Every structure is written in structure tokens, then in C-alpha cells.
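Next up: a single chain in C-alpha cells, the form predicted on its own.
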């Protein structure tokens, strides 16, 4: 019975890792759709968001079944509790990628990002995607050091966001209110993706060590 229980728990963690790969691909595709006006990619990301919702529901249901039937304790209980939070983080990251794709679709055939901020969004998309990939890999490897390194990438994302505001609020901004609103929303979406990835890493540290890292830079649970 316990062997079967451990197998089910491992399967849940494997599926969580696969879900992180799907989310990372959604972030990449939505960024390409945004910067290249790729309407088909935008539609794909938006359509696939429902599949992520279904994955979340499936993983949550299986985790709750194990909680109810097996009465896990200690490390196993930490894994299941953290899993329920992390799958929600991943689902939310998928939603945010879909929000980016929706702005890309709304502005098609134009591009929502002004040319002056294109390098900033290229980097934002890259950082966000790599953070999701790293969070998923950290989940598989249970590598606390890698989880802690995600903090540095989160700080880079915050600096990219601050750079956006400096550009938006400068006297040289010439793209109007509509573009400013798009940029403000898009920047917030990428920033939140990074925050969710960092939060996942924080929970992985909790799974491995039994303690949340006490550091002001980490998002709170």
C-alpha cells in the first residue's frame, strides 16, 4: 500500500514538472506573439489555457485523494500541501501568459510594444521563461541552491519593470495613453509570472528543509 502511495505521489510531482514545461512554452509563445504580431501563436496560447486549467484540477483532485486516504505526515504532508499551492501558481502563470497573448491579439496586426521598449520586453520574456523552467527543474531535482538562485532572476525582473516606468514617465514618451496602458499591464503580467516562479522555489525549499527561507526578498506564502 505504501509503495503504491509513494508511486502516486511521485506521479503527481512528475505531472507538476511537466505542467511547468507547458507553462514555460506558453510564456515563450506569448512573448513571440506579442513582439512579432503572430496571431496564430496568440490564439494557441489563449486556447491552451483551458488545458492548463484541466491539469490543475486533475493534480489537485489526486493530491486531495492522497490526503484523505493515506493520512500523510511529516515530509509527505509537506509535499502534498506544497503541491496544492504550486499547481495554483502554475495555473496562474498560464493565465498571465494568456493575458499577454490577448493583448497581442487585440493590437494585431499592430504590435503593442513600442520599439523603444522592445529590448526590455525581449529580456522580460526570456527571464520569465527561464524562471518557470528553473522552478520546474528545481521541483524535479529538489536542489535548494538552484531554488535560491531564482531570487537573483526575480530581482532582475524587478529592475526591468522599474526601467519601464522610467521610460513611461519620461518627457520623451511619444506613444500616447493607449500604448502606455498596454506597457503597464504587460510589464505587470511578466513581473507576476516571475513572482509566482520565485514563490514556487520558496515552497520547494520548504519541501526539502521543512522551513520557509526567512528572507525579505522572497514572496510571502
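Please read these numbers as outputs of a predicted model, since none were measured by experiment. Residue numbers count along the first chain shown, from 1.
One more form of this protein should be noted, the form predicted in complex with a further copy of the same chain, which is absent from this view; the next part is about it.
a further copy of the same chain is not drawn, but in the model of the complex it has a heavy atom within 4.5 Å of residue 176. Mapping the unseen interface onto this chain, residue 39 falls outside it, with no heavy atom inside 4.5 Å of a further copy of the same chain in the model of the complex. Contact between residue 100 and a further copy of the same chain in the model of the complex is not found at the 4.5 Å heavy atom cutoff.
The closest non-hydrogen atom of residue 161 lies within 4.5 Å of a further copy of the same chain in the model of the complex. With a further copy of the same chain left out of view, the stretch that reaches within 4.5 Å of it through heavy atoms in the model of the complex is, among 68-76, 112-120, 147-155, 125-133, 68-76. Counting a residue when any of its non-hydrogen atoms is within 4.5 Å of a further copy of the same chain in the model of the complex, the hits in 171-204 run 173, 176, 177, 178, 180, 181, 184, 185, 188, 189, 192, 203.
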